[in-house]
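Okay, here we've got a single chain as structure tokens, the form predicted on its own, with questions on binding and movement later.
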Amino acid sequence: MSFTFAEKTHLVMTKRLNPYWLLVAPAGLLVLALYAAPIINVLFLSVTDPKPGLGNYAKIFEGDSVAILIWRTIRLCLITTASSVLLGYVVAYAMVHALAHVRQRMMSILLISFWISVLVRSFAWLMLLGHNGLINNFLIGVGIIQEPLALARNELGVLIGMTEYMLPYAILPLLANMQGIDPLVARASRSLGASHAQTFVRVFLPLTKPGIIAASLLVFISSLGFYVTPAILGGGKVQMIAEYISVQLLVTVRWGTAAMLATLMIGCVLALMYLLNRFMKLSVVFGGGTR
């Protein structure tokens, strides 16, 4: 049975093109246009405002202010990532080994935290950590300290607020990874004479490395864009890239500098998202492939 050239072309296109893509093509094109146009505009402004060239990018090496800002942002994000992943690992480990009804309650509490605004959380932490906050008043009341501790309007307050907000984002990929580990592996290790500590260090912990890496990348990526928490808990003393971009746009009206920093953030996020997808599928990171 012979086919004409047009029929062969139609068969090849039918095999390669999934018809379901036609259903999402209009929405995909709309999203692409809405996202691509602003990003292209940002890239264009970073090399044309106030004059064409790479002058905006040269500010990273010419002055100390932008370099210090970038280093502060990276440092706070790294500390937030380390603390969130460490605490998230403990919580995820407890959820995996908890009873079914306890795990469901813990998951409910975890999901509820996503519905609380970051603005509400920041003000709540300000009430707790402030000079006359609940924590300082309690410590002074029981006689542990004589003067209030500086827990807010500094980097410590920012780190506490960022860690609390990013904790669920660390728990989910770790939980997804841990639920994929066969419990028979740990049982086999203990049956061969290994203690619980040895089983955890030599068997369970290595198997959770993909989850740790995925959680670390996800938390770090999300931490780069923090704006409200540093502005409130930092008291204007702890400025990160997102807040600095806002100042450049609304106060000093230096759009080129703001576009340059935004471009760096976009490039960093895309690179880290690529690494994240290499270690764990993004659907699994958000719980899509758990059992």
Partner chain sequence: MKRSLGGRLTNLAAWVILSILILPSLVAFPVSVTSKTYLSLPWEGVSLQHFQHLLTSPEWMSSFGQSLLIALVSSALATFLGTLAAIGLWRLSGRFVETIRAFLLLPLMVPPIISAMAFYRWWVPLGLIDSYLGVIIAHSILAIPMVVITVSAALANFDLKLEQASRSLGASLPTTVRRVILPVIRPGILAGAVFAFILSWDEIVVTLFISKFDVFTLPRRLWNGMRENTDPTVAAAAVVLICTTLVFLIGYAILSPKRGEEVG
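Note that the structure is predicted; figures quoted are calculated from it, not measured. Residue numbers count along the first chain shown, from 1. Superpose the two forms; the largest set of C-alphas matching within 1.5 Å is the rigid core.
Although it is not shown, the form predicted together with its partner chain is what the next lines describe.
Of the candidates 102, 142, 150, 192, 102 is the one whose heavy atoms come within 4.5 Å of its partner chain in the model of the complex; the others do not. Just one of 38, 50, 63, 53 comes within 4.5 Å of its partner chain in the model of the complex, counting any heavy atom, and that one is 38.
Partner contacts here mean any heavy atom within 4.5 Å of its partner chain in the model of the complex, and among 142 to 150, 71 to 79, 209 to 217, 116 to 124 they occur only in 116 to 124. The putative spot formed by 23, 90 and 179 is fully lined by its partner chain in the model of the complex; each residue has a non-hydrogen atom within 4.5 angstroms of it. Of the heavy atoms in residue 246, some are within 4.5 Å of its partner chain in the model of the complex. Residue contact with its partner chain in the model of the complex: residue 164 places a heavy atom within 4.5 Å of it.
Although the partner is absent here, residue 272 lies well away from its partner chain in the model of the complex, with no heavy atom inside 4.5 Å. At least one heavy atom of residue 111 is located within 4.5 Å of its partner chain in the model of the complex. Of all the residues from 252 to 272, those having a non-hydrogen atom no more than 4.5 Å from its partner chain in the model of the complex are 255, 258, 259, 262, 265, 266, 269, 270. Relative to the superposed core, residue 206 shifts its CA atom by less than 2 Å between this form and the one not shown. Superposition on the rigid core between this form and the one not shown places the CA atom of residue 111 less than 2 Å from its counterpart. Once the rigid core is overlaid between this form and the one not shown, residue 188 does not reach a Cα shift of 2 Å, moving by less than that.
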